[in-house]
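What follows is one chain in structure tokens, specifically the form predicted alone.
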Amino acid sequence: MEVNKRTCLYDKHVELGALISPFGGFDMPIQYSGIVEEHNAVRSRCGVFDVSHMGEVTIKGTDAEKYVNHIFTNDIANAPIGKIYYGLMLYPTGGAVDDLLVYKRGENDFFLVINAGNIDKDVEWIRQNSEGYDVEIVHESDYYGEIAVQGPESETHIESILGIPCSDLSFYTFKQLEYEGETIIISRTGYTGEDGFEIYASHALTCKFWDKLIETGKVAPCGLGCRDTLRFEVGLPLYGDELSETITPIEACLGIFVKTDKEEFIGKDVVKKQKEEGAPRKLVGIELHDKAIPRHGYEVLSGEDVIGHVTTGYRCISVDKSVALALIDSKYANMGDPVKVKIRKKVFDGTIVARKFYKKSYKK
């Protein structure tokens, strides 16, 4: 029987009475006080998430920039130090190996943040495609802990526990600094649609930062349950739902992060063709005319024909609507078109709508 891993904050979650469940090979907190309460805390105030299960890989060396650009759909050529880029690694078929963040720490020094459930696969992919490039690849997932502090009050709380100004960080930027003799990374990205920060640090410091935030009494501990409802409401993808080895970033409507004008990257030919000619499928939003809740894998129909499937669905907490993201045949993906969703043995009417069900509130 395979035993799940535990993050450095696992005992903290147990002490707080969290509901623990497997996710991405880890035993992770799903909720504490409740998904709705935690969701609303992030939207209105501030919440903290344990995201230490995420993976980290450093790529350094003379060819580091060239190599990262070879395996990454976005373009990091001549990127400024301190900038973060979102993008994907693709198979030659155009399907996603993973979606990830690339931090530029220095000239030919890049820090990659990858999804927990894909760590082993991603590291193997990164290493096996590096032949012929002068790079050093260091897998650092076992060293780093990571917390995400999210919500409109996040800047105040981050500055309070660190004693360091963070207002200078704009969206998708970061800084490295020394804290109690250790190097930590503070970034401003987020996966909730709200302003937010991430801290990457040793396990000991990660636990210390978590305790400081919880002790304020003003930062809610939040589980992966509301992390999913929050990201879903603003149309952010989750690997395994909106992205997979059989779903291309063009089908997932992430073409803005696929720079087909750069010289080359793995999978370029397929996604360039889809960008130019259109993809066979498209990710859309669906609003149901009923309170029934669509779930991952449920069929989407036009008339009697199955045209796709739901990737994620919820009763949207912030706007109180039954909505879904769905990957469907592109010819049915027009705004306002009627569709149906089969939920168990019943069929419910719906309409194609925008994929973002709630307005983002990032700091620009």
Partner chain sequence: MSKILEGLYYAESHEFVKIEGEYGYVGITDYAQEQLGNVVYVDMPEVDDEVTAGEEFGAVESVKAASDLYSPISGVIVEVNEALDSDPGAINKDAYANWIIKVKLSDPGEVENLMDAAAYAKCIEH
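Residue numbers count along the first chain shown, from 1. Everything numeric in this text was worked out from a predicted model, so none of it was measured.
Although it is not shown, the form predicted together with the partner chain is what the next lines describe.
In the predicted bound form, the partner chain stays beyond 4.5 Å of every heavy atom belonging to residue 331.
Put simply, residue 315 is close to the partner chain in the predicted bound form: some heavy atom of it is within 4.5 Å.
Taking non-hydrogen atoms only, residue 228 approaches the partner chain to within 4.5 angstroms in the predicted bound form.
Taking non-hydrogen atoms only, residue 298 approaches the partner chain to within 4.5 angstroms in the predicted bound form. Judged against the partner chain in the predicted bound form with a 4.5 angstroms heavy atom cut-off, the residues 11, 165 and 203 are out of contact without exception. Put simply, of 270, 293, 123, 81 only one has a heavy atom within 4.5 Å of the partner chain in the predicted bound form, and it is 293.
This chain appears without its partner; in the predicted bound form, the one residue of 57, 64, 35, 310 with a heavy atom within 4.5 Å of the partner chain is 35.
Looking at 275-283, 165-173, 89-97, 228-236, the stretch with residues near the partner chain in the predicted bound form, meaning non-hydrogen atoms within 4.5 angstroms, turns out to be 228-236.
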